[in-house]
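Just the one chain here, laid out as structure tokens, in the form predicted on its own.
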């Protein structure tokens, strides 16, 4: 049995930086442009692997150079990418604009991610998914996970309506403060059967609702680029839960990893090692 199985997207991130985000109908000049490996599935799988977990990823890429690059990125990080299929559709893209405060806006073009083939993840302690791949694939993976006793963690991004049937398969849901409202609020998620809701709020910290409500303060860091911070959080949360950590201890570790991620541009490039995360936790204990 492995620690973490991830079902999710692999995208090539096309990142433009500018002083501020344009208003509707407005054009602004950018300052820099870069291309990075990304996609929430790949990001979270790499984050979990760098935290020390054994990780497998189920996804799909195109038969093209970006697809080969993304598979290699995962493999180099120690992720088992043997279940990443090669599709006739092009590899997914994420169009990302980052302003001078490090805040981002993202448009995802799914490409091959929308054609994720049926596949069985290996037995795992934690199964982690997001919503950049078909909901039917996530549902099937969580049904299989429940059958084997795995903990299921859903990062509902980008947010979409979710039926009570799907939510009842989720042990933990990790939305940001915007996504939780689009899903009807914390009470609605609990009412549908979700045991724990962890709402991430950037510099405002995290709110944990698991029978009681707990607010956890964010780590103090300088922000360069928030891209990938939520994925760092989710991947590290899954890794620490798989390692047997108490829920709140795992969340605090994940918060430190997310804080480190905002200090580096790009998604995969920003994901910290377990040693770096542990060091930040010691410095701000």
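Numbering follows the first chain given and starts at 1. Everything quoted here is computed from the prediction, not taken from an experiment.
Only in words, not in the display: the form predicted in complex with ligand ADP, which the text now covers.
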Heavy atom within 4.5 Å of ligand ADP in the predicted complex: which of 78, 191, 119, 205 fits that? Just give me the one.
-> 205
Checked 73, 87, 151, 176 for heavy atoms within 4.5 Å of ligand ADP in the predicted complex; positive is 176
Does ligand ADP come within 4.5 Å of a heavy atom in each of 108, 130 and 135 in the predicted complex?
-> no
Does residue 259 make contact with ligand ADP in the predicted complex, using a 4.5 Å heavy atom cut-off?
-> yes
Indicate whether ligand ADP has at least one heavy atom within 4.5 Å of a heavy atom of residue 223 in the predicted complex.
-> yes
Quick one: does residue 146 come within 4.5 Å of ligand ADP in the predicted complex, counting heavy atoms only?
-> no
Exercise: residue 200 in contact with ligand ADP in the predicted complex, heavy atom 4.5 Å = yes
Per contact check vs ligand ADP in the predicted complex (non-hydrogen atom within 4.5 angstroms), the hit among 227-235, 51-59, 64-72, 23-31 is 227-235
Sequence-ordered residues of 44-68 touching ligand ADP in the predicted complex, heavy atom within 4.5 Å | none
